[in-house]
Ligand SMILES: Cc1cc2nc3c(=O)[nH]c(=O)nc-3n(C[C@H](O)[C@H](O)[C@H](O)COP(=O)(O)OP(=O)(O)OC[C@H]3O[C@@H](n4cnc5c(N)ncnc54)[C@H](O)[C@@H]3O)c2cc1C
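The chain below stands alone, shown as structure tokens; this is the form predicted on its own.
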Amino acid sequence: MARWREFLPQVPAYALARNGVGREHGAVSRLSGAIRFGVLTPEELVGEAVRAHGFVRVEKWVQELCWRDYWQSWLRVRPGVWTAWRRRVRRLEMVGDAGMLARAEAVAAGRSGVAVMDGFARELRETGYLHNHARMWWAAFWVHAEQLPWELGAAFFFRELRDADPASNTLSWRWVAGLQTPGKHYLARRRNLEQWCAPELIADDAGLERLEGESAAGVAEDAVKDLERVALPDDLTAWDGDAGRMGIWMHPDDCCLERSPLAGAKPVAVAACFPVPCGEMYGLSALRVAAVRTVLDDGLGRAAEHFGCGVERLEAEEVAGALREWAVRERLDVVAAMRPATGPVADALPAIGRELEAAGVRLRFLQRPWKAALQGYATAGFFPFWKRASGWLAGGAAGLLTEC
């Protein structure tokens, strides 16, 4: 919140300053971690920015903020892209060429020989953060200059970024590689870095010549089945007072229950669960794991204050069994949760549903009206989405723009 109050007066300048990459990242909000986990919600931030400056002056910042919702909406109806990425990563790690894997490890460790890219790799590992422009450059360098599999690069980012979002990370890497928008790919050019990097970042120009003439590497086309669309469940956007003893499951995709459709519910207990093997499965860095635990504890603290009930964070080998034990212990009739986005949390839903059903507990999901509305606009590419979404936002977004 302190960072948001500091950045709010700067939002109108974002459009011109956002591409500059330096050491302090003062031209961007640096709120991506809070937004990714729902500690702060887009409807709060957009609402305050629009009230303070008017929509036109902050449109670029709002547009960039809405990319996350667009990516999540796109992946939610095509979850096969997520599962295919995970499958390809496992296969590459198990049977990939040894030389390729060694080179991938060296580049990720900051030993590529291109000084500026190695600096970005070290910054990512040491801080769990990279400026968005640096992420694009580094991904393009990995795919097109190093000609390494995009799937392994996306896995590296997913392990290290404290704000790693399954949709934004996976689909942005696909876009850089030329898969997300067929025929279009992104290249890291020396002149682009020289224009936007602070001088101290490129004072060592070792290897920069490698960014002057690289061409896109061949990237295999998606299998048609990966892009097949699925039907979406019809989630509630307001709690309907489902009868019986009710508990809320809070997960890392939405840690702001007190500003959600569940805000008026009367739970007897709230639980969050961090499955320990999840960190091991994805090789998550210590910073990444600590970030998840921090936001869960923060969200539980706010939930305790808001709902006035007992809260607990469950550390477990697997989330489904832990939630079942919690629901039985609390004598729950129904467990409610915000609908998770496609990714690790959603992957656990079939097992969670089976466990709770076996215990005689109903599982109900809700969707934020903000997400439901933007999801309805995400039927094609981003710019058709933005044409419709921006009109809705400029008109007040049907009263959904709230205050922090």
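Note that the structure is a prediction, hence the values are computed from the model and not measured. The first residue of the shown sequence is 1; numbering continues from there.
One more form of this protein, predicted together with this ligand, exists but is not displayed; see below.
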query: Contact check for 81, 342 and 345 against this ligand in the predicted complex, heavy atom at 4.5 Å; finding: no
query: Stretch from 367-375, 353-361, 46-54, 27-35 whose residues place a heavy atom within 4.5 Å of this ligand in the predicted complex; finding: 27-35
query: Residue contact check: residue 135 to this ligand in the predicted complex, 4.5 Å heavy atom; finding: yes
query: This ligand contact in the predicted complex: residue 330, any heavy atom under 4.5 Å; finding: no
query: Close approach of residue 65 to this ligand in the predicted complex, 4.5 Å, heavy atom; finding: yes
query: 4.5 angstroms heavy atom contact with this ligand in the predicted complex for residue 89; finding: no
query: Heavy atom within 4.5 Å of this ligand in the predicted complex - residue from 151, 146, 163, 118; finding: 163
query: Heavy atom within 4.5 Å of this ligand in the predicted complex - the one residue of 291, 108, 201, 130 that qualifies; finding: 130
query: In the predicted complex: members of 150-176 within 4.5 Å of this ligand, any heavy atom; finding: 157, 161, 163, 164, 165, 168, 169, 172, 173
